[in-house]
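You are given C-alpha cells for the same protein chain in two forms, set apart as structure 1 and structure 2.
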Structure 1
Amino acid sequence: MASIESVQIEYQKDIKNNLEINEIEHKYLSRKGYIAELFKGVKDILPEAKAEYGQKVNELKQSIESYITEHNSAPKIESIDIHPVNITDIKSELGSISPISWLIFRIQDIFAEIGFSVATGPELETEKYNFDALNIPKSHPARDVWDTIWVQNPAGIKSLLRTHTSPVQVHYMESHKPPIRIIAPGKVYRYEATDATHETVFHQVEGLMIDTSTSIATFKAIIQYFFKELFQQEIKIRLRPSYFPFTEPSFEIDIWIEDHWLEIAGAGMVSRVVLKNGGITDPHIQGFAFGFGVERLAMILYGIDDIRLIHSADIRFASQLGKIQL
C-alpha cells in the first residue's frame, strides 16, 4: 500500500520528467489511481490520525488537480467566450440566375410559341461535325474564320471545342426526319482575343427549320416575330448578304442600337450539301438556319457596353441583371 510520502515523491518525479498531463491524470486521479488508493488506505490509519491523513491526501489531490488544470492545453470550458447566436439573423447572399440563362429561357419560350423545340449537342466536338459535315473541308479558307481550340484526346483522335452551335444541325438531321423546327442553345469556344464585343467563351442559339415550303420569306417573318417578342417593341434590323459555307444564300443580321449596327446573328438557307450530310436528299425539302450570339443580345437588352462584364464573375452584376424580368 502506497504512503502519502511515496506518492508525493513519485508525483514530483513525474512533474520533473514532464510526464504527459493525461498520464498524470490517469496515474493519480483515476478510479484506480494513487489518490483513490490513498483514500482507501484511511481504514488502516489510527482513528486519531484519520482526519490529518485525510486532509493531507486531499491537499495532494488538489495540488495535482490544479497542476493538471494549469498545464492542460485544451480550452477550459469556463474560459470560452460564448456569444449566443440567433441563427435566424444570419443573412447569406442569395445567388440568382445568370442573365444569360434568363435570356436563353426567354428565347426558348418565344420559339416554343411557334412550335420550335429545344435540341442539344456536345461541346466537345469532332472535326466532322464542326467543319466537314458543314461543308467546310480542311483546306477551306473559311476554317480560319473560326479560330479553334483543339483538344488532343488519349486515343489520338483530334477533337475540338465547338466553335459554333451549327454542328447540332447535322446531329439533329441525322436522327430526325423533316419537318424540323428546333433551336439549340449552348456554349461555344473561340481562340480569339477578347474586346468589347468579343469573348472567348460565349453562347449561341442555333435555329433550324426544314420542311417543304420553308423559304427566305418564312425566315424573315420568324426573325421579325422573334425580335418583336424579345424586345417588346419594333426593332430596326437589317439582313446583310454574307457568306457561310453551310448556307446558300447567307446573311448576317444586324440590329440598330443607339447610333450603330451590332452584328447579332448569322443565317441563311441550309446548303444542299449539309442537308445531304444530314441524310436529307429529297429535292423538295429545304430550310433555313440561324445562329444568334446570346451575349450580344444581352448587351442590347441590358444596356451593357462591354461583353466582358457579363462573365466577369462579379456577383453584383449577375444578381442585378438576374432580377430584371424580361
Structure 2
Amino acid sequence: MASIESVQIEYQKDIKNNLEINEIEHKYLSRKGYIAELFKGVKDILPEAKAEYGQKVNELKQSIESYITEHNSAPKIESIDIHPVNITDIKSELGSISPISWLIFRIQDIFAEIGFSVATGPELETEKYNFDALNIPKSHPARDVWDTIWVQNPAGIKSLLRTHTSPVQVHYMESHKPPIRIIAPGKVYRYEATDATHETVFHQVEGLMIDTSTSIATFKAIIQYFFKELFQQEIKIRLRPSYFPFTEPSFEIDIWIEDHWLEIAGAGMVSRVVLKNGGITDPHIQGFAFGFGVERLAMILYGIDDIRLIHSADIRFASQLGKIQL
C-alpha cells in the first residue's frame, strides 16, 4: 500500500497549500494522473491483496472527487433570456466507437479470459529496441523489410517511429520476470505509399507468452481459441514455415475463411538472442510471440475492401460500422 499512502500524503499537502482545484483534478484524476497510475498497479499486486488494494484506491478517488465537488463553485449568472425550443425539431444521432478501438477492446477481452494482461510501449522508439534488441543489427538484410520513419533527436539518440509493436516484448521482459503473458496493442508507422491494403499508420497487436513449458502446441491452442471467439465459429488454421529475426522457428498463420486460406499473422518461438537482450538467460525458459494487424482483421470481419476507409472522416461509413457493432 506504500504507493497509495504516498499519494495520500501528497494530496493532503496540496490541500494544505491551497493548490488550485483544476490543478488537483488534473494531477490526480486525469487519464495520466496518480489515481490512473494506482489502478494500473493492480496487476503487480498479489491476488489475495487485490480486493483491498482496489478498495483503498477507490476510497482515495472518491475523497478527491468529493473535495473537488465541494470547492467548485458554479458561475453566477445575473440574468438569462429564456426562449422556448421545440425539441421535436432537433435531429440527432448517437455516436459510435471507432471500429478499430472496438476491435482492440474485443481482442483484449478475449485474451484476458485466458490470463493475458495488456502492456504498452512508446511509439517514438530507439533503434536499440526497434531493431538491435530484436536480433536485427545494422547490417541485417531484414531491416529493408521495414520502411522506417526516422526522427531527429536533439540528444543524439537514433530514434524512429516504431515499425512494429515487437519492441514492447523487450521493454516488458526487462522489467518483469517469467511467467509472462501479455498482448501489446498499438499504432505502428511505415514510410510507404497508401493503397487499398497499405497505410502509413495502422495498428498491430503483439502477443508474448514465456515460461518453462510453453511450446508451439501451446501457441496453436491459444490462437485457435482466439479466432474461434473473435469470429464466433470454429476456424481452421495452419502454420507455414517462415522467417523472422526475432523468432526461431518462425511461421505464418493462415485461417480458412470463405473457402480459401488467408494469411493473417506471423509468429514463432522467441529467439534466445531476444530473451537474452530482455534479461532472460535461464535455458529452461522459453516462449512464443505473435503479431497481427488490427485493420486486416477489421476488413475481414466487416467486409471492407479498402483500408483507407477505416481511417477516413466519412460519417456515413463510420455510422454503418457503429450499427454493426451494436
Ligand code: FA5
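For the two forms, the rigid core is made up of the largest set of C-alpha atoms that agree within 1.5 Å on superposition. Residue indices: 1-based, along structure 1. This one's a predicted model, so the numbers in the text were calculated from it and none came from an experiment.
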Of structures 1 and 2, select the one representing the form predicted alone.
2
C-alpha of residue 228 off by 2 Å or more between structures 1 and 2 on rigid core
no
Given a superposition on the rigid core, I'd like a yes or no on whether residue 288 shifts its C-alpha by 2 Å or more between structures 1 and 2.
no
Residue shift check between structures 1 and 2, rigid core fit, residue 279 Cα at least 2 Å
no
Rigid core superposed, residue 257 Cα shift between structures 1 and 2 in Å?
4.0
Core superposed first, then measure: what is the displacement of the CA of residue 238 between structures 1 and 2, in Å?
2.6
